[in-house]
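Have a look below at one chain only, the form predicted on its own, in C-alpha cells format.
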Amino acid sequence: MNLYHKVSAQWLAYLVFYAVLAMVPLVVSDNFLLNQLSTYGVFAMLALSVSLCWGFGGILNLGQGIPFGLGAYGMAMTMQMQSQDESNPMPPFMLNNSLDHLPLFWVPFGNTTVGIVLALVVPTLFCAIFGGLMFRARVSGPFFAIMTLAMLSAWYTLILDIQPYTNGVNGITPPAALKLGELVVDPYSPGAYWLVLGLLIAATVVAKLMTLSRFGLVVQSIRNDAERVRFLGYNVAGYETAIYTVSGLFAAVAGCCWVILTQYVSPAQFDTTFSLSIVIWAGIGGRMSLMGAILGAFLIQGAQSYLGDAFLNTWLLILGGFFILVVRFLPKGLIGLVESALGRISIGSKKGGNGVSAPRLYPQPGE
C-alpha cells in the first residue's frame, strides 16, 4: 500500500509539520518576519477551507472571500469599539461622515465576547442560508461557482456603498491591538503567531476527522456522483450545505485572525482577485489534500512576498500560467509528486527476487 494513503502516516506528517512550525518563534527573532509568517498561516487556513469544500465536497466556491471578509469586519468592529468609551462611543470615521449616533448594529460589538461570537456566527449563518437555498434548488458545478462570484461582487459593492457605517474604500483601522481581558495580543509577538498556528491546527484536525468519518465518505461520494447518492436516499442538499458551511466557518476564523495581525480591513477582502487566489493556492498545492492546500498557500504567498515586488503586475500572469501548468500536468497538485514518489518506493519494496510486483488485493484509498 502506498504510504501516502496510510492514515497513520498522514497524522504523523501533520504532527511533524506543525511541530516544526511551532518552533519557528524560538529561532526567528525578527518580529516583522514572524508577523508575515503568521499571515501565511491565515492564508493556509483559507486554502484548507477551499480544499474541504472543493477538493472533498466537489463544490467550487469562487466567493470564499465573503465569510473571510465578514469575519474580518466583525473583528475590526470589535477592536474598534474597544478603543471607544461611553463618553465617545462613535469611531472617528462616522463623525467624518456626519453620523450623530452609533448605528444599532454596531452596538453589540461594544462587548468583546459578543463581538467575536458575531464575527464567527454571522458569516457561518450566511453560508448556511445561501448554501441551503442554492443546493436545495440543485444549483451545482459551474452554476454554483458563478453564483458565489456574483454574491461576492454584491458584498463588495454593498461595503463600498454604506460608507458612513464601514468607512467605504478606506476600511476600518483599529488604533490598538486586540485585548482579551487583561491580555493584549501583540500582532508582532510569538503569542499572536502561536494563536494563529493553534487555530490552524484545530481547523486541520477537525477537517481531517470530517474527511475520515462516515459524513466525509458520503460527501466524497456526492462529489463523484451526486445523483447516485440521492437515489440511495441521502439528503444530498443537506450534506452539501453542511460542508459548505463548515468551510465558511474556517474562512471566518481566518478573517478574524487577519485583522488581529494587520489591524486593518477594507473592501479588498471581498475583491474577486483575492477569492480566485485562494482557489489557486489550493489547486497548485493539491485541492484533494488538506496538507497539499496548506503547503500551496505557504509556497505561493512566500513566493509572492519575495518575487512579487520584482515582477510587479507580471506576477499575476506568472501565477496564472503556473496554475494552468499544474492543472494540465499535475491534476493532483504538487502534493501529487509526493504521492507518486511514495508509490514508487512502495512498489519497489514489494518486488520479489524475480522483479515482479506483488499483486494488489484491494483498491488504493484516496486521502
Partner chain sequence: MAVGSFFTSFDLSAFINALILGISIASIWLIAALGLTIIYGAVGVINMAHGEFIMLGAYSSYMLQSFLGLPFLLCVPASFLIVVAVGLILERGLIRYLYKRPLDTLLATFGVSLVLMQGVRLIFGSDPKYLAVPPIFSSNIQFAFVNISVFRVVVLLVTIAVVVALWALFYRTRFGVQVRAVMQDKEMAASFGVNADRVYMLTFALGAGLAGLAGSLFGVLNIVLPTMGAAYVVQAFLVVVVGGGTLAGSVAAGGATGELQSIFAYFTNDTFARFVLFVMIVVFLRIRPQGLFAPSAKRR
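Because the structure is a prediction, the values reported are computed rather than measured. Numbering follows the first chain given and starts at 1.
As for the form predicted in complex with the partner chain, it is not shown, yet the points below apply to it.
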Inset, instruction - Have a look at A137, L209, L104, V184 for me and say which one sits with a heavy atom within 4.5 Å of the partner chain in the predicted complex. - result: A137
Inset, instruction - Go through L158, L180, V169, L217 and name the one with a heavy atom inside 4.5 Å of the partner chain in the predicted complex. - result: L158
Legend entry - 4.5 Å heavy atom contact, G58 and the partner chain in the predicted complex: yes
Legend entry - F298: touches the partner chain in the predicted complex, heavy atom cutoff 4.5 angstroms: no
Inset, instruction - Verify the contact flag for V279: yes if a non-hydrogen atom of it lies within 4.5 Å of a non-hydrogen atom of the partner chain in the predicted complex, no if not. - result: yes
Legend entry - 4.5 Å heavy atom contact, F143 and the partner chain in the predicted complex: yes
Legend entry - Full three-residue contact with the partner chain in the predicted complex, heavy atom 4.5 Å, for T314, V327 and P331: yes
Inset, instruction - Please name which of the stretches 201-209, 79-87, 260-268, 129-137 has residues with heavy atoms lying within 4.5 Å of the partner chain in the predicted complex. - result: 129-137
Legend entry - Sequence-ordered residues of 147-174 touching the partner chain in the predicted complex, heavy atom within 4.5 Å: M147, L149, A150, M151, S153, A154, W155, T157, L158, D161, I162, Y165
